[in-house]
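Heads up, the chain below is alone and in the form predicted on its own; it's given as structure tokens.
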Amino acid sequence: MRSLRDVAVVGFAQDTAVKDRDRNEVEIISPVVREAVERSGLKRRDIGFTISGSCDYLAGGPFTFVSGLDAAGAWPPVKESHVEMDAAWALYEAWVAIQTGDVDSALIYGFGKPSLGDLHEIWTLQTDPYTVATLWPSMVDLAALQADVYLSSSGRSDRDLAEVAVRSLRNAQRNPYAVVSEDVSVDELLGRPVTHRPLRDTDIAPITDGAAAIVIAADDIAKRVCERPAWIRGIEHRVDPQHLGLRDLATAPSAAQAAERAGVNDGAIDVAEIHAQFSHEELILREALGLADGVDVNPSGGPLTSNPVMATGLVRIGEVAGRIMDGRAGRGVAHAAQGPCLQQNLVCVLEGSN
């Protein structure tokens, strides 16, 4: 049986804004792709595979992702693909392509401009078209339902949610790509109004336009171009039933399964970046991933402070990889999610050792 190839992140870049009024998607993507490629140490022409993650619903037209190739470059002709998912799943496809031996490196990018419409309503289209979408609950309505179920079953309170939000907002003060940040106490936050019971605005990810790009490479190429590559030691994704009535909303079984298969518990974790768009999701995911209390969770501030839709999960991988490449962490876990109430989950384990 053929063994898996060693693959590592060797370059990462991102860009975010609350509302990017002056640039279209191509203009947002272009500098991010260029920066990621420059940081990778590879020439653009030497990257064997290009793949993106985006959502046509955000732009309101079919095949709008094709325009992103204007930023990534399609000439000379390139091997190219796309996923209608967060770009973390595009990275998974790129990793598989490298495992086949067909290519040795890949450029992955994700992008979105949710400010063009009402993201919370648009995401209703991810729900079951027969039993849920016809009621037209927004993604925040569903998240509030899940938060209520979780608090009731776990014995936690809105103070626990506030503690997650406070830590995220404080961490974001050190992140130049965060679109919201604040030094606020738990009690101060609890004094603010509840907008979607039991959630407050600080429990909900901000609308964020942006893009992110990652370059991965295999074996000796990664060692040649990067002094300390962030090696992908495990990557897996799983999915729970789409119908909300078929699963316990207080848990995330698919995240737990993905974490087990990715090898999260095969060693100590220094840092974790979790794709939690709502404060209660972080609590659910910490349990599902089996993270110890001492793990540094979302030191970037996480999605609660910057949520570039269709790139947020990819950013989680990039944030962990960046800390490994610069020596701040030795082993970390990155998580990405898609779908209502944490329906689909991807887990990636990265290490700095060769």
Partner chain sequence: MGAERTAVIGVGQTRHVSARHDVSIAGLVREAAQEALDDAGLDWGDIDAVVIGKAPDMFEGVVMPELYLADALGASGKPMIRVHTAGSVGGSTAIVAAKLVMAGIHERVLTVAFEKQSESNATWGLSVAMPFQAPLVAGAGGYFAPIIRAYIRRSGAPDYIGHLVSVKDRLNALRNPKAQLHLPDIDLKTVQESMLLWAPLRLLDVCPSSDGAMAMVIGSEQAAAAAPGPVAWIHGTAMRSEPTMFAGRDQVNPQAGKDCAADVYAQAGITNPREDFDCAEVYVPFSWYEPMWLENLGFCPEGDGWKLTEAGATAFDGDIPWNPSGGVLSSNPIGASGMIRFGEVAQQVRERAGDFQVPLKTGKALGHAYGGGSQFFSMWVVGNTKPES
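Residue numbers count along the first chain shown, from 1. Worth saying up front: this structure is predicted, and the values here are computed from it rather than measured.
Quick note: we don't show the form predicted in complex with the partner chain, though the next part is all about it.
Interface residue remark: K79 is counted as part of the site for the partner chain in the predicted complex, having a heavy atom within 4.5 Å. Within 4.5 Å of some heavy atom of the partner chain in the predicted complex lies at least one heavy atom of Q338.
In the predicted complex, the partner chain sits within 4.5 Å of a heavy atom belonging to D102. In the predicted complex, at least one heavy atom of H243 sits within 4.5 Å of the partner chain. The candidate stretches are 185-193, 118-126, 226-234, 266-274, and the one lying within 4.5 Å of the partner chain in the predicted complex by heavy atoms is 118-126.
The single contact residue among D46, E38, D296, D70, judged by any heavy atom lying within 4.5 Å of the partner chain in the predicted complex, is D70.
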